[in-house]
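First comes one chain, alone, set out as structure tokens in the form predicted on its own.
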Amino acid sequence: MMASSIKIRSQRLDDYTEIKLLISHPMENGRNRDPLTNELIPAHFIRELLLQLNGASIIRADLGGSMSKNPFFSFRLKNSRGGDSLRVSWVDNLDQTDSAEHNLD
């Protein structure tokens, strides 16, 4: 089994929960050149990011090739409880997908 490309951390603070996501992905925009061959590197980027809390969608983001490699996201979530189930998934422009689940602190 291959390890997930998504790392999730959460921390309960005052009246909200801070969620941090790190996604391992090349995020190539299609305009960069390979330094060895000088050929264009094909576009390969996450086009959709979805966060679900206890099965309900709470964030859906359309992304593009202008994001950095291995993107990092941070969110603050109100009205969550310890043990709530957070599911994060993405789809890229090559229709590759990945997902990960995490129980909030």
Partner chain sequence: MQRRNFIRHLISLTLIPPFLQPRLAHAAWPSEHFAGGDFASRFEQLFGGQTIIDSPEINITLPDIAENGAVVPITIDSELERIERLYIWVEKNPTPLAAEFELSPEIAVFLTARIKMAESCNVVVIARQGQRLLRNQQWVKVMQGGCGTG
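Numbering follows the first chain given and starts at 1. No experiment lies behind these values; they were computed from the predicted model shown.
FYI, the form predicted together with the partner chain isn't displayed, but the following is about it.
- Contact between residue 37 and the partner chain in the predicted bound form is not found at the 4.5 Å heavy atom cutoff.
- Put simply, residue 59 is close to the partner chain in the predicted bound form: some heavy atom of it is within 4.5 Å.
- Residue 54 falls outside the set of residues with a heavy atom inside 4.5 Å of the partner chain in the predicted bound form.
- Of the heavy atoms in residue 42, none are within 4.5 Å of the partner chain in the predicted bound form.
- With respect to the partner chain in the predicted bound form, the three residues 3, 9 and 82 uniformly fall beyond 4.5 angstroms at the level of their nearest heavy atom.
- Residues are counted as partner-facing when one of their heavy atoms sits within 4.5 Å of the partner chain in the predicted bound form; in 42-68 these are 45, 47, 48, 57, 58, 59, 60, 61, 62, 63, 64, 65, 66, 67, 68, in sequence order.
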